[in-house]
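Below sits a lone chain in structure tokens, taken as the form predicted on its own.
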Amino acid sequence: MLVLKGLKKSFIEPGGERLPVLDVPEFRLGEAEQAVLLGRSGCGKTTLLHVIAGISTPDSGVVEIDGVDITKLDEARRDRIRAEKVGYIFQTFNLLAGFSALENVMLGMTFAQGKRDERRARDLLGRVGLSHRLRHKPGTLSVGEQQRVAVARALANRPRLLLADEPTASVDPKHQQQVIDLIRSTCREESVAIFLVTHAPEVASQFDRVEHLEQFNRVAALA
């Protein structure tokens, strides 16, 4: 499902020097496999997810999703692959302020499928405990509720790969397990691979595969 080979990514510092962030010789995630990614702050976890999703372009290497190397695609085609095959739960949620919770979830479907499935959107929001908040806009939702909307939106288009960046970081303990259960059960039922970043040991302990970025990213290993 996901193959990374010879992946390198760096950023230009204010002085003009390059700051290496990623140097990944090889990494693979199988179809419907569920894995957690751990690593200290600043070691490149979010950058790695952005590169996998095609949000950020690597300096070199292969990023293959469901048999397609997205590094060989132009921006428009990368966006299309992301809309069709990748669900992304952002740390900052990235909800649209002018749209309700239900509309935010259905909007993701429009990008991928060209049509909206209101029944699925309602079901996903209900499964994260937001049936009573369907018409509320992000500004009237708590931070934890916004996070749960973001989880539902990422699953809405039935992706092949789900990337999750700290999906429970802003969720209260009461709903944390509910969110993880929704992510894992939905992905299991629909054969979606999961690559989930977390700092929470109680979340990581639920996954059979736990990866440490320092172990396969040469830059992080040398820091």
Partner chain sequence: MSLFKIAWRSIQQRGLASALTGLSMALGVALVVAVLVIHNVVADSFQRSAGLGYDLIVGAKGGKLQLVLNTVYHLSSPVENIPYTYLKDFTEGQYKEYVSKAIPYCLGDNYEGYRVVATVPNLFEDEKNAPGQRYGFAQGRNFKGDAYFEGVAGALAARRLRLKVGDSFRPSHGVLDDGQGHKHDAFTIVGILEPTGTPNDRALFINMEGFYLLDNHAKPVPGATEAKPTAVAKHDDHDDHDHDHDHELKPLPEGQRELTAILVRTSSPTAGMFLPNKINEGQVAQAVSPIREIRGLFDAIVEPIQWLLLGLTVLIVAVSGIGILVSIYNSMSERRREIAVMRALGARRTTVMAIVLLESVLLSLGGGAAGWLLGRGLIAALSPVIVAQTGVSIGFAPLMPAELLLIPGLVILAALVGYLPAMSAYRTDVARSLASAP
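All values derive from a computational prediction rather than experimental measurement. Positions refer to the first chain, counted from 1.
Same protein, other form: the form predicted together with its partner chain, not shown, and the subject of what follows.
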Distance check, V62 to its partner chain in the model of the complex, heavy atom within 4.5 Å: no
4.5 angstroms heavy atom contact with its partner chain in the model of the complex for R153: yes
Distance check, R116 to its partner chain in the model of the complex, heavy atom within 4.5 Å: yes
Proximity of L130 to its partner chain in the model of the complex, heavy atoms at 4.5 Å: no
Contact at S56, D79 and E103 by its partner chain in the model of the complex, all three, heavy atom at most 4.5 Å: yes
In the model of the complex, the residue from L73, V143, L134, L107 that sits within 4.5 Å of its partner chain by heavy atoms: L107
Residues within 4.5 Å of its partner chain in the model of the complex, restricted to 24-42 and counted by heavy atom: none
